[in-house]
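Have a look below at one chain only, the form predicted alone, in structure tokens format.
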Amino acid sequence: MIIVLKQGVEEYRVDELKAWIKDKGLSINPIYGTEKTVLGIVGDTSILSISEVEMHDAVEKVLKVQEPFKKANRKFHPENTIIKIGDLEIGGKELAIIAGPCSVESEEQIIEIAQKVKKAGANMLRGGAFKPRTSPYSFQGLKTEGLKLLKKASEITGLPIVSEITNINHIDVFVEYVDLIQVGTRNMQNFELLKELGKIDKPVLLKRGFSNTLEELLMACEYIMNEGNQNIILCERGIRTFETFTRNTLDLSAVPALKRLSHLPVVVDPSHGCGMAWMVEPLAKAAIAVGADGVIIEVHNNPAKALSDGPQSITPAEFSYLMPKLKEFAALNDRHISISHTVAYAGTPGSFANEAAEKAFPNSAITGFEHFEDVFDAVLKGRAEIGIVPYENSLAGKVNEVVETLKDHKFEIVDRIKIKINQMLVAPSGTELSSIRKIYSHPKALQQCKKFLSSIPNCKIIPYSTTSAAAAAVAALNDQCSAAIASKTAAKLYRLEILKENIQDAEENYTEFVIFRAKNNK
């Protein structure tokens, strides 16, 4: 039952009403809004009739709550709940961007990832220390040592920590080391654990079970809230359906549904939601578009060698590439993502331009754009402070499009950087050189490899926007007749084999990149 109080009612009348309700053995949860005060009544409210309650002088109206969940119900709490963790208010204007590896593997690994995701715009660090795995033979995590390493990474970067609890006996150590305690899908209905988490003063991230309804998620939430802890964040992380293409089916409809049913913040985990790294970007964008209060993204510095969930993890470079795009989606929903001093490069993660940008700006947030004109546009419109684009290659000559654009009085060159270019022929695992019929790459890369290409005249040459985008396309095709000319980094990123190394026409192959800014952005 919900009792809406009259505006401006005297306090003593409200106290009289509360005393009368408590005398009947019911508990009261007052919610103080900006315009209305509401009393949420919990217990066997069948002993109260609506007409009887409405007779009280302090009461404006009475509503019956039909749903079994009460404290998580928006009818009990009409205004959105905002949960503060450090300086971040989850459920407010700023979106929660929670990033990090599935498992903490070493001190070096977690600190490197923490620094890179912080630089790219993450405001919380995730990492597993106690890992519930389907197989008893899989990596189970570093346990308490993993939490200590997370804490060290947090002290270095200032990022609050999110980590998953699996055992009721670990609550004390989680209270000591973790800022947001995650309850994973397997423990969503571990009611004894939920009740104990309700007794602590620490926010809880409650993930939906892979076979549970939204009502069951909210009822699990009720177990925590009923013990006193009201700081719950709900998480949609994909459910099990008849579809087998993805690891799970991400139920994005859960976001608006939960926001209608409940007042609690809702975040989305696109990594677990699909189980495929290449799907994380579109699903993260979609999550923000449907109103999520944040996303949880698995980021690993070497996904191919990750001890858990490598196939769904993206690299720090991919995360950096993704963040400005998420910022634009957030702005469409009147939400915000903080990214400082963005450097825009012409390329995608794994490209030579990406390498040049990281070398030139090791401590800045960088992001890539597939086309030169997009970089110039981003700098001109203030979405990036600095741009970096290829200007001239020792084998293929100048990039005329860049040369002509830089003649525009709107831009000025502030620096230059030259890097060595080693081109690789890359293809899906098991591909034979003799079976290749199509080769994808950027036109300038193709020019650098004329001699090699002339040795396989039966191949169709397909120009592509960037070398790394060509590698991504070949990975997506996953056939035995397609290959790309790209960097060793791109091959590693897209899980491709290097069929032939250093296929450029000359060993001494360099590209000069120019670093520029808009003249009004000094």
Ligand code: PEP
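Computed from a predicted structure; not experimentally measured. Residue positions are given as counts along the sequence shown, with the first one as 1.
The same protein also has a form predicted in complex with this ligand, omitted here; what follows describes it.
- With the partner left out here, this ligand still marks one of 395-403, 80-88, 179-187, 318-326 in the predicted bound form; by a 4.5 Å heavy atom cut-off that stretch is 179-187.
- Taking the partner from elsewhere, C102 is found to have a heavy atom lying within 4.5 Å of this ligand in the predicted bound form.
- Among heavy atoms of E164, some come within 4.5 Å of this ligand in the predicted bound form.
- Heavy atoms of K116 never reach within 4.5 Å of this ligand in the predicted bound form, leaving it off the interface.
- At least one heavy atom of K207 is located within 4.5 Å of this ligand in the predicted bound form.
- Of the residues given (H263, H300, H272, K71), H272 alone sits with a heavy atom within 4.5 Å of this ligand in the predicted bound form.
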